[in-house]
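One chain comes next, on its own, written as structure tokens: the form predicted alone.
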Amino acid sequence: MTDTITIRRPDDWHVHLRDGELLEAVAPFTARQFARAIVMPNLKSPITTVAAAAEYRQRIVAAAGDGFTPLMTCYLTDFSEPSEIERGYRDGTWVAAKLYPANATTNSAFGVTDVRNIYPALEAMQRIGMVLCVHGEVTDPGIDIFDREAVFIERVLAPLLADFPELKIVFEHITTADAADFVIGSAANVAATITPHHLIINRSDLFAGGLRPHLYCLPVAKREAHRLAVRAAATSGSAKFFLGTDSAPHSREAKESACGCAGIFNAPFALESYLAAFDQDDALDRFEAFASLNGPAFYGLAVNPGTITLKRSAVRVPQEVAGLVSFQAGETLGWAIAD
């Protein structure tokens, strides 16, 4: 039995760091584990301009401390200017752009109402090699919430790829066998991120012993068969899948309310949660690729020079971390980051 594992320092290819006091509280947890992170642009005032992205990046660096590099993204709207997107990409401000279907999740009211509205932006992105990150759910209220990812593939993602066959796309936080199969069956310019919570929980866990608001996220956890399919994709060794926590902090009051916010705060013990899943599936030898190698390769970035070591050790997740309820609060994990 392996008791320690050392890997290249990993990156988080999907994280919400928020802003203000919340940013200052949560950014150090991501920086503790990851050298870089793709930062989501869905602040209350979304990051739609180069200037706003540069200012937000400065605030993140100040909150996270030395040794952490935020990778900024552009929030796409129906009115995104291709010239602004290209300018920000070429000067190194933006690494990717984010497609939120309007009203699909937290702070997405300014998102895209019809994907054809951003075709000029996508044409520019395909030409310059800029990555499109996608929240893959339709928002049609007539579609069951558990089917919205699969319907998004059929109605939006497959037609989009037919129109832009060379566009680099990251299908973020996949939750279904449909999504895993779609990514596997697509060309090399399509990849996916997978969260720790979608490896560990299914939709029944949302109601175990009563409604569990701190396990509510979007896309919502699916039935067990889908969880197993996503987990098999993560641990398969395929270069198409890589780490993206989708850590999304909300206050206890915002989660435990009459209309609780969607999002799971998993940053404090993200790497330990991922590693436990790989360990359970006898896939420790594939963990470094998933956590540290596949993402940089897809984004065309160098692998981080440093390493991080984890050891087999019991670590209990506190009921609260920085005043927030963390994923797996109160549970004991079998791996810990070595000091």
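Bear in mind the structure is a predicted one, so any value in this text is a computation, not a measurement. One rule holds for the numbers: they count along the sequence shown, beginning at 1.
Same protein, other form: the form predicted in complex with N-carbamoyl-L-aspartate (NCD), not shown, and the subject of what follows.
Asks: Using heavy atoms and a 4.5 Å limit, would one call G111 a contact residue for N-carbamoyl-L-aspartate (NCD) in the model of the complex?
Replies: It does not: once N-carbamoyl-L-aspartate (NCD) is placed as it appears in the model of the complex, G111 has no heavy atom within 4.5 Å of it.
Asks: With a cut-off of 4.5 Å between heavy atoms, is N42 one of the residues that contacts N-carbamoyl-L-aspartate (NCD) in the model of the complex?
Replies: Looking in the model of the complex, residue contacts with N-carbamoyl-L-aspartate (NCD) include N42, since a heavy atom lies within 4.5 Å.
Asks: Looking in the model of the complex, any heavy atom of P101 within 4.5 Å of N-carbamoyl-L-aspartate (NCD)?
Replies: No, P101 sits far enough from N-carbamoyl-L-aspartate (NCD) in the model of the complex that none of its heavy atoms falls within 4.5 Å.
Asks: Although the partner isn't part of this model, could you tell me whether C217 comes within 4.5 Å of N-carbamoyl-L-aspartate (NCD) in the model of the complex, counting any heavy atom of the residue?
Replies: So C217 counts as contacting N-carbamoyl-L-aspartate (NCD).
Asks: All three of R36, T193 and K240 touching N-carbamoyl-L-aspartate (NCD) in the model of the complex at 4.5 Å, heavy atom to heavy atom?
Replies: No residue of the spot touches N-carbamoyl-L-aspartate (NCD) in the model of the complex.
Asks: Name the stretch: of 79-87, 245-253, 182-190, 227-235, exactly one has residues whose heavy atoms fall within 4.5 Å of N-carbamoyl-L-aspartate (NCD) in the model of the complex.
Replies: In short, 245-253.
Asks: Which residues, if any, of 8-40 lie within 4.5 Å of N-carbamoyl-L-aspartate (NCD) in the model of the complex when only heavy atoms count?
Replies: Contacts from 8-40: H14, H16, R18.
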